[in-house]
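We begin with a single chain expressed as structure tokens, specifically the form predicted on its own.
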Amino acid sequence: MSFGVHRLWKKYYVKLLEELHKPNEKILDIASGTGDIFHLLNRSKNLYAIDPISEMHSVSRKKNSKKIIDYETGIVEKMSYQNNYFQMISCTYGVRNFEDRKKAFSEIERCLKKNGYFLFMEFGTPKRELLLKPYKLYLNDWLPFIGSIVAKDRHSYKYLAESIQKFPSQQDIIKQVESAGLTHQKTIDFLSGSNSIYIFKK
């Protein structure tokens, strides 16, 4: 979808994690998928990953075979971790798929230590009017078409486009997270908000 640019975004995101995360403290990656973030992260222990699909963990185990990662198959809305357990919680391109964002953010706040950080990266809608029309054209028409040709999966890419456009505005998503008890620290935009990193603190 991003023509490979998302790899650069992920590297930038991981650098932020490393700046804020204390190596001797626990870090949780929500919707961890195939383990890309931990693969890039310069840490080998105190790593926790949760994802609803166990097959994702299988891929991550191979990719991160030299790292000690505690895997859990589950959803963010109902995590089994103790209160005040993590110094950092991370999520890349997964917040869109939370079934109940209010409950999910409440669980994240519960599991975070005081002064801990919640970072997430997510696709959004560009703020500049000049980019808005071609961006929507790309999402609605070209992205599903490319998905049907390259991945032979038009449906998944159509869902991706729809979920991006349904995602709340930056102001609204910040309010939702803050209503769970976390404080917004900073938002970093790429391509005028087509992709953004959100930083919150407990």
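As the structure is a computational prediction, the values presented were derived from the model and not from experiment. Heads up: residue numbers just count along the shown sequence, starting at 1.
We do not show the form predicted in complex with a small molecule, though everything after this point is about it.
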item	value
Position in contact with the small molecule when the complex is considered in the predicted bound form, options Y117, Y81, Y71, Y93, heavy atoms within 4.5 Å	Y93
In the predicted bound form, segment of 40-48, 165-173, 25-33, 150-158 with a heavy atom within 4.5 Å of the small molecule	25-33
4.5 angstroms heavy atom contact with the small molecule in the predicted bound form for I75	yes
4.5 Å heavy atom contact, K10 and the small molecule in the predicted bound form	yes
The small molecule contact in the predicted bound form: N97, any heavy atom under 4.5 Å	yes
Contact label in the predicted bound form: M56 to the small molecule, heavy atom within 4.5 Å	yes
